[in-house]
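Take a look at the structure tokens below, where one protein chain is shown in two forms, each on its own, as structure 1 and structure 2.
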Structure 1
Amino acid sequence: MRSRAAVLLAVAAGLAVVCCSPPPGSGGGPAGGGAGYGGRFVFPLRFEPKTLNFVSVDEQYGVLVLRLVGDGLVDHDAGLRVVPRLARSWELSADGRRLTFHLRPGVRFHDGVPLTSADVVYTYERVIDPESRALTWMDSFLPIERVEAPDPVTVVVTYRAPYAPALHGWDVPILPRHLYEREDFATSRFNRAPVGTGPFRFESWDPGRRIVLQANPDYWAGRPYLDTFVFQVIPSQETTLQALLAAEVDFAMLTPVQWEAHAGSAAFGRRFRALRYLPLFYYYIAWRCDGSNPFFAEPAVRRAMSLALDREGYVSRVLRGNGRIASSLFHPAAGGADPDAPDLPYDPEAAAALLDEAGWRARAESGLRERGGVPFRFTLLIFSGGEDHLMFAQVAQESLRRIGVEVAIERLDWPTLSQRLRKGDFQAALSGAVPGVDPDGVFAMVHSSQIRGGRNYAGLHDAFVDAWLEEGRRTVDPGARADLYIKIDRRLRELQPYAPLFFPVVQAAFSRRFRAVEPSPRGILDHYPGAARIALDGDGA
């Protein structure tokens, strides 16, 4: 009999003992009337991944590719619930510290070598190795004391203390130890030609153009319906729409202008189905607040910046209302936000008053604020490949100009922007966050341990936030844990290391030649079974 504490931890982390069959629709016949096997689905990528190494990948589009090639022990379905993948079942010890996975028997990597628990241990070792730079997965594995493989189909994970979100981290795709241990991990050829256990096998990578995957006929859950899955690199959203209309891609996210121009058209509707959903993503501005620049070391100044940003106007005018204002670093789908906290309004008068109190006063002749002879003039870094990034940066630039703050916009490609963020080499930066499916996901953005080499780009170091985040990881009672994250949310609203901006509503279209394209807060591919379920539709146009 498990203790009450263990049961509560299981509820909090989704760690109930499970034993499940393969996901419905991923094998054993067509996915509904008229659907069948075969076909090629082309999905556009805004930019090309730097690597296809399962643990070193740190870009959203690289993760999308690898979800199809590799399997984690668990995954999340379209409703963000934990579901089995390589683990057929698991259980938690009475003290809440030991998680035991039982692997599916008979699973093989794409080269025919059997998957064993040793591959899971090897994957864990690579994630915690600093040389791997496994930022996507590292946070979830830091609380682990050890991972053991008592036999080929059993993995025992021991945590230093009860860790409420433990299960979520085990969606990392499992590496083939037998291939990587023969080569240098950082430069291995398998970083560009991955071998996994997933529903699709890697076929080719034409740099700058496309990545091609082929169906895995021996997949443990049954062959996926599609023969081929292609990731086509198309940086421009306008070019992506033209490719959709020309039947060169089968899915496209549409800008608000594109949506208004096409979604209501009968001709468009005969060829494409429309999707709308709120993604597990939001935009923010990081204020570098570690004292490395003279502007954002004080919470009052950062709050003034947030109050001066016309987010409501941007969502209304630029997004045509297709977005939601964000006042918290906690996403609605993951939980954690204080439900009673008011939204941070657009209030330039209050922003100006805060700057006056902080000593940043406007000069009569120019209107530009200064303090101690230093003009309030800073540079905002943005991603050069995002039209939405540029548009909001220009809105922010104008909003801040009205209160006497001058902003220069610097556009960078993603690798350069990512490097500058990690080094803390910036004054302010506009970017986006994929916060994860548990409120602990904010740990990476605000815990002081994540300043160097992690994702605490703002450089926040707050003893209260650190302590509450650590306690939230150990807390087994769901109610007490929720109360902790509300305290964290309130504190972050006071400190404003980041200005949360908005959640953009995704509006997309896909070809009627396919069915079972299911949206989730993580998109149409980054959930399970996802692409393994997409099939030709015999009733499609």
Structure 2
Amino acid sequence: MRSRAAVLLAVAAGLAVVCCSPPPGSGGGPAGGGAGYGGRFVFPLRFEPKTLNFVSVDEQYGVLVLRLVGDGLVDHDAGLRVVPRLARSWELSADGRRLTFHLRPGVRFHDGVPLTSADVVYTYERVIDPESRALTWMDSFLPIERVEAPDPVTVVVTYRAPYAPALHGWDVPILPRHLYEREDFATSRFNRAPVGTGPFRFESWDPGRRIVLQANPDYWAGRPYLDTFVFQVIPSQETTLQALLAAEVDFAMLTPVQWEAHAGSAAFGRRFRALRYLPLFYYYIAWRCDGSNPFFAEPAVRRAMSLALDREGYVSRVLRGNGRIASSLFHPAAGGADPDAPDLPYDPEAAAALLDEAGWRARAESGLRERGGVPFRFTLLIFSGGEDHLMFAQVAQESLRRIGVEVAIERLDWPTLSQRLRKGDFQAALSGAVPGVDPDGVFAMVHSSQIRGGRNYAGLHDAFVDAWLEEGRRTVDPGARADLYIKIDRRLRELQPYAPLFFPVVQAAFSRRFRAVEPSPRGILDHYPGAARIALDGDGA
């Protein structure tokens, strides 16, 4: 069960497709190149979504399905840029507080009822209503003051203060108000049989087995190429690979070891195209640096820790080169990272010297470090559901032991780990993060307002970081904003409240029966037009 991380990766895989996309908005429609209509594409899901309610969905896999059934006002393309979807265009007022969307006219839900701005307002209301548990979207809507619908094709969103990342949150699929209004929202039958405006219509859901979608012939951007899209629930990674080889699924992400063992053969190459991308996911270690433990309050010690971790060795030997060292909390595709900053190398000697300087000296007899009688011995919490978590934690443990620091590893399931992280009840923790598509995503991890109960697990409280982050939210001008985040990135590299570890590069196989799509950092499905571009390959079929 390497559940959650794997989910993310898989999800990411679901999203990224490149290539031959026409300008966003032109949707499907044969674009030549031998592509044809028809066919049935089977995509493996590691976990079954609990609900297909557009706003209550809280697993990445559920989001994957819903992106095909519903449309957001905007979406992200393979390069994570915001592109129009249900909204034809939008503009931001001069003070940066008012965002006006102009909806595409004539869009209909799968039941034939036209979509209007009232549906958008309704979707917003459901997201912020706690009863809907819309944790996936709520954070991007909390800064909103009100949402109005002056006419059926216009939506005006007013923010309490200028909010630079505003657009990103409007990729939430729009709910059909006319259907939900007559039902109890939490238990509505449409939560298991969603109705949207998207390129595919929901057809059936066999619990524990599969979700089947059919092409929407009346899609506003033209019908998608595929007739049928099947999400097949396959909980085991080994079985997913076997299913790929047995042609039961048309796409699969493989582990580095699986890739090495299978992808080299000519037969594999004839049947599958290789897709490779840097997912919107990385691993990090949070050092609780609020003084609650005697180890990590000083930046020099945290830096020493990062220097002592053999990340290169892990990426090259354990991941078989399918990884990239992360040295910033910002994702390369999302912006924010300082392009000139050097990576922290693996340098145990420099780490030992830093620790000596900080007063943590090795005892001659045991070789273990201590300061003022306190041994340097801490517990590293890790998520029990991930393979890489466990493997890298053991590498970290061994790396640190070699410089005289003792680490105990404790594995916890997600609810328990999450609770201890949010309470600050830990010394160090290894976990994974999905950086935002906007650099503001890092706000949650390092702003001091997020220490209590929030996601600033490290407990970092730095006046500069706080001020720049707040300014970054207000600054609408892209150039000035980019400069701010580079300053933040430099400061964070210096402070090292988190040690960013590595991105696990995704290796996926895509059946040659279909024209491949370019992956985005979120995979082959979770971008636009994404799945609408998958088509039977004229030559291969």
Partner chain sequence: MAPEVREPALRAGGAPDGHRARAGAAAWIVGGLAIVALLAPVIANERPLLARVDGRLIAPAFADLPILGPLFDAPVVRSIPWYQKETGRAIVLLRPPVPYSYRGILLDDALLPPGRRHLLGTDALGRDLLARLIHGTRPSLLIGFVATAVSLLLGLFLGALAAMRGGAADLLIVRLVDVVACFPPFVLALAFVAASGHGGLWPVAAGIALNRWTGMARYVRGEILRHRRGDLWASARATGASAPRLVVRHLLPLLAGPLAVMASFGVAHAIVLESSLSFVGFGVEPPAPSWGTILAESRATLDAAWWPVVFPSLGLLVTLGALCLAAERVGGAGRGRQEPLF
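Being a predicted model, the structure only gives us computed values, none of them experimental. Numbering for residues begins at 1 and runs along the sequence of structure 1. For clarity, a rigid core is taken as the largest C-alpha set superposing within 1.5 Å between two forms.
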property: Assignment: the form predicted alone; result: 1
property: Rigid-body hinge position between structure 1 and structure 2, taken from S448, L280, Q237, V212; result: L280
property: Angle, in °, that the smaller rigid part sweeps relative to the larger one between structure 1 and structure 2; result: 21
property: Shift in Å of the V442 Cα between structure 1 and structure 2 [rigid core superposition]; result: 2.8
property: Per-residue CA shift, S306 (Å; core superposed between structure 1 and structure 2); result: 6.2
